[in-house]
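Next up: just one chain, as structure tokens, the form predicted on its own.
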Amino acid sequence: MRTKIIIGNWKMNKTRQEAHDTVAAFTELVKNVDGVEFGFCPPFVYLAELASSSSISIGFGAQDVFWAGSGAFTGFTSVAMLQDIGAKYAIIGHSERRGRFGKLEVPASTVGSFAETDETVNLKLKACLAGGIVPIVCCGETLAEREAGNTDSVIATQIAGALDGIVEADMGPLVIAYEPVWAIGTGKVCDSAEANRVCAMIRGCLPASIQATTRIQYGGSVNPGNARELFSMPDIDGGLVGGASLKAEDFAQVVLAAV
């Protein structure tokens, strides 16, 4: 039986006080919840203090990570640094890091600044697996790719690229998040049956020895109104939650939907 995992991705939101207030309010709402793994990926500037201040089993993680252990890489953060401050997770290859936006909120001319590729996802995944950080590897198709009938091939390519050269025995901590790009930040949600179909397809892309144990989340406008139906699907093992994780009450309801 796979334990559901619900992770809130705050993206670039909240002040320091708002971050602490949200975690405190959420903690009170879920203090008696059992049988579900949950946590937050806040902005880097708050990660260390939030990870050290939580009073219950809330996991904290980073929204990105770099593959090198140290060096002249201005602005990046290593796996060892994440471990040092008590982080548990790292999101890898989020569509926004790849420059693939469901809702473009930056000038189109700047999209090249978001340059994640299958190769860099692979390097980051290897670093996390070697360094003891739980990797949450994102995959998903754009609206144009879906309308062209390329959903499965696009995602299969992303998964193959992410796992290239990684030994099956090392993949145990792996979490995958299926995030249809067209549903991220748009309020659109993939139909639960279709989301489950794609998650099952992703499972089939994994080595046979880890298919039954690897957790596959759904992400893309998950909220208190649709979480229970999504999480009831046999191949959806939780959610990577954006907007709904910014409010303690909403995120708590999403977590409770997985119980």
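Just count from 1 along the sequence shown to find any residue number. Note that the structure is predicted; figures quoted are calculated from it, not measured.
One more form of this protein, predicted together with a small molecule, exists but is not displayed; see below.
Although the partner is absent here, Gly61 lies well away from the small molecule in the predicted complex, with no heavy atom inside 4.5 Å.
Using a 4.5 angstroms threshold between heavy atoms, Ile92 stays clear of the small molecule in the predicted complex.
Residue contact with the small molecule in the predicted complex: Glu141 places no heavy atom within 4.5 Å of it. In the predicted complex, the small molecule sits beyond 4.5 Å of every heavy atom of Leu123. Only one segment in the set 166-174, 183-191, 123-131, 151-159 has any non-hydrogen atom within 4.5 angstroms of the small molecule in the predicted complex, and it is 183-191.
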